[in-house]
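Provided below as structure tokens are two forms of one protein chain, presented individually as structure 1 and structure 2.
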Structure 1
């Protein structure tokens, strides 16, 4: 239990650190990688809590998402490597105020909400995984299928637009 708590703290600090790095870097690709590491640390926290399915799902999902995001940034951005100066934050005062208000709201909810008594026993990892699988395969299946098809359609459309744009640019360059 002590080792589990230590890993939770370590991965929690890593998640927060990389979340801060997302906004401190001057590169969109580095920012995407920092976001990947932050979300992977959250996945590691799930693993430390013995929620293996959610941990692996979080890590796989974020790795795929950030890889796709980095590829599209390299394709479409003028300076994806961040060699030139680039400001990653916008509306700083409003963002800081919203962050402080959000932090106090989250702390207020965490400390003032009536959470009830903790459960006397929790089901084992296999029972938790089985319950999650039944939930996903029954009432949530249509949502996941729709989201998957939508994401795939968007990826194919973005690739088609990128290829068409590249072809048009190449033809224009050839004429000149």
Structure 2
């Protein structure tokens, strides 16, 4: 239990530290990769919480996701080197306040609510996988299928929006 807490704390601190780095660094790619390592640290934390499948999934998914983020980052910012000393924030005070209030609100709920007795043990990873699988295929099937179809639709729609049609490009050229 103590070991578990220690590991969770360790990975939690890593996750938080990397999350801070995301908004502190001036290099776009560093931002994206810091986010990746933050999320991967969360994945490690899940592993410490004996959620093996979820942890591994998190670690795997985030690698791809954040790398793609890095590519868009570089593309949209037109700058491989990070913008150096450029200011990229606005409404700083407000955001800080919101962040702090948000965190404290969450903390307040976390610590004030009675959560009952924590369970000491979790099912083994094999049992978990089996349970999750059965849940996905039985009770939550509709939800999950809906989510799957939604993401597919969103992907198609996003691609359709992003890909400039020939006519749109032409129109733009005409305008210019």
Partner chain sequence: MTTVLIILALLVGAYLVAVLEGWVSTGRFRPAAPVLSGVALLGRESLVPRKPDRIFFEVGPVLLLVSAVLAAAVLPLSPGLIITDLATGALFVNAALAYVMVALLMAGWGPDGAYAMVGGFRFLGQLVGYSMPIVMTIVGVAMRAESLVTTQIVESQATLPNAVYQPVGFVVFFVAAMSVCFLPPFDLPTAPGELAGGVTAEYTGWRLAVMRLARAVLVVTLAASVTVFYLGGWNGPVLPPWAWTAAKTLAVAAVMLVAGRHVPRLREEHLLAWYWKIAIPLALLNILYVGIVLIAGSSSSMSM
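Residue numbers count along the first chain shown, from 1. Under this definition, the rigid core comprises the largest set of C-alpha atoms superposing within 1.5 Å between the forms. Please read all numbers here as calculations on a predicted model, not as lab measurements.
Two forms of the same chain are shown on their own. Structure 1 is the form predicted alone. Once both forms are fitted on their core, the CA shift for residue 63 between structures 1 and 2 remains under 2 Å. After superposition on the rigid core, displacement of the C-alpha of residue 110 between structures 1 and 2 stays below 2 Å. Relative to the superposed core, residue 10 undergoes a Cα shift smaller than 2 Å between structures 1 and 2. At residue 157, the distance the Cα travels between structures 1 and 2 is 9.1 Å after the core is superposed.
Once the two forms are overlaid on the core, residue 127 shows a Cα shift of 2.6 Å between structures 1 and 2.
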